[in-house]
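Here we start with a single chain on its own, the form predicted alone, put down as structure tokens.
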């Protein structure tokens, strides 16, 4: 309570709100993924029109992106930005309002997509009113962060602050462009220009939102957990600027088979290969920081999640660079190989780091230990098993599909050979859903359980 008698939010209330938001929507997102995977092996299992695969899939994708991973990363961001700047968050009240509107936007997205109201564009399915809500919450987040930066007592801006502010500012702008919000009726342009704009946005949701937020969390957690200074501040800035210079141009590598201008295809391929520069700069910096300190990483479950996420970042990025080559795309495009790659990038890399950041800050914002370290470790192994399993299974399925179609085989003759892998895929989905339920219980009890019980 303030001196005027008015109730004031406690410190880190915004971080708490985004942590519980992430944990809750991870349950919903993984359930939708499990239901969609089940319908691939038993299409008639659900006879409710608004739960068929064509509606469940965009709900699953958008909830993973905006319901689970992004709020989890923001939960850590709203904790470490004030600490790195040696000041309080500009407004915890604004942060709580933002978290509230964020959840309203998610509920609106789920409701409209299940009702069949969609723009029908990948990663940009949400209709115009929901788009406006999403843009509004990004603006509110940015105002809170940039005003905190303006009021800082620390003159040096650590790289994690750079990543967090840039991710929110650039994503707000690219979301407006990619969802064509100036055309409310359709949310799209016409023909090839629309495809180019869509994939500029679609790939940058990962490259300008999830990746910088994830790297910002990793740059904070790993040195703190290792009790070791960052290996190189200079390398951290090289990685920051090279990411934003190179990544923004690579979305067109999704359109190599369509009549997009050749010069744009060449730029996307070259920059896709060039992504090895920011990726390896970041990983060398983080891994050298942790050199000889893996015991400290293993001792902190949050740091263990984060460090594993950096390893997955290596695999996702190397695979992504390879997939941009036209000869490789002849086999890998338009099949489950791409779905497997997305699971490595979003779940195994960004999702792992989101969970790691969440578990790292939870004891600090709750003022007590985790409710259960055992449950957190169990969730770690379940997520690792599920994400690695998805990568292997969907890569195999993609190669079967790609080689069959390349050799002129018809689709229906390929489907029986995929069925066992789809069963395994659904089983892995059940593992991930179980991990989400365990995680939500652990997070909820840590934040809202009886104080002192865990100690």
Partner chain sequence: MKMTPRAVVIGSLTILAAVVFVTIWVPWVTRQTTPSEIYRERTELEAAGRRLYIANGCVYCHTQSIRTIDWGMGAERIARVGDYIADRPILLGSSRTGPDLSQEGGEHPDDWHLAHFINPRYTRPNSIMPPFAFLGTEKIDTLTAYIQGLGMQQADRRMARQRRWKNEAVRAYEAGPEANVAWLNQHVPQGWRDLPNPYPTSPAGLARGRKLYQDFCLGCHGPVGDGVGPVQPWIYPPPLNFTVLKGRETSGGILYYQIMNGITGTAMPYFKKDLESEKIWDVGNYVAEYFIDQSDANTEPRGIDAAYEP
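Quick caveat, the model's predicted, so the values are computed rather than measured. Residue numbers count along the first chain shown, from 1.
Just so it is clear, the following notes concern the form predicted in complex with its partner chain, a form of the same protein that is not shown.
Looking at 369-377, 171-179, 74-82, 317-325, the stretch with residues near its partner chain in the predicted complex, meaning non-hydrogen atoms within 4.5 angstroms, turns out to be 171-179.
The listed set 188, 285, 144, 308 contains one residue whose heavy atoms approach its partner chain in the predicted complex to within 4.5 Å, identified as 188. Of the residues given (90, 206, 138, 199), 199 alone sits with a heavy atom within 4.5 Å of its partner chain in the predicted complex.
Its partner chain is not drawn, but in the predicted complex it has a heavy atom within 4.5 Å of residue 125. Put simply, residue 422 is close to its partner chain in the predicted complex: some heavy atom of it is within 4.5 Å. Contact annotation for residue 384: none of its heavy atoms lies within 4.5 Å of its partner chain in the predicted complex. The closest heavy atom approach of residue 58 to its partner chain in the predicted complex falls within 4.5 Å.
Proximity to its partner chain in the predicted complex holds for none of 29, 111 and 441, with the criterion being a heavy atom within 4.5 Å. Contacts of stretch 235-260 with its partner chain in the predicted complex, defined by any heavy atom lying within 4.5 Å, are made by 237, 240, 241, 244, 245, 248, 249, 255, 257, 258, 259, listed in sequence order.
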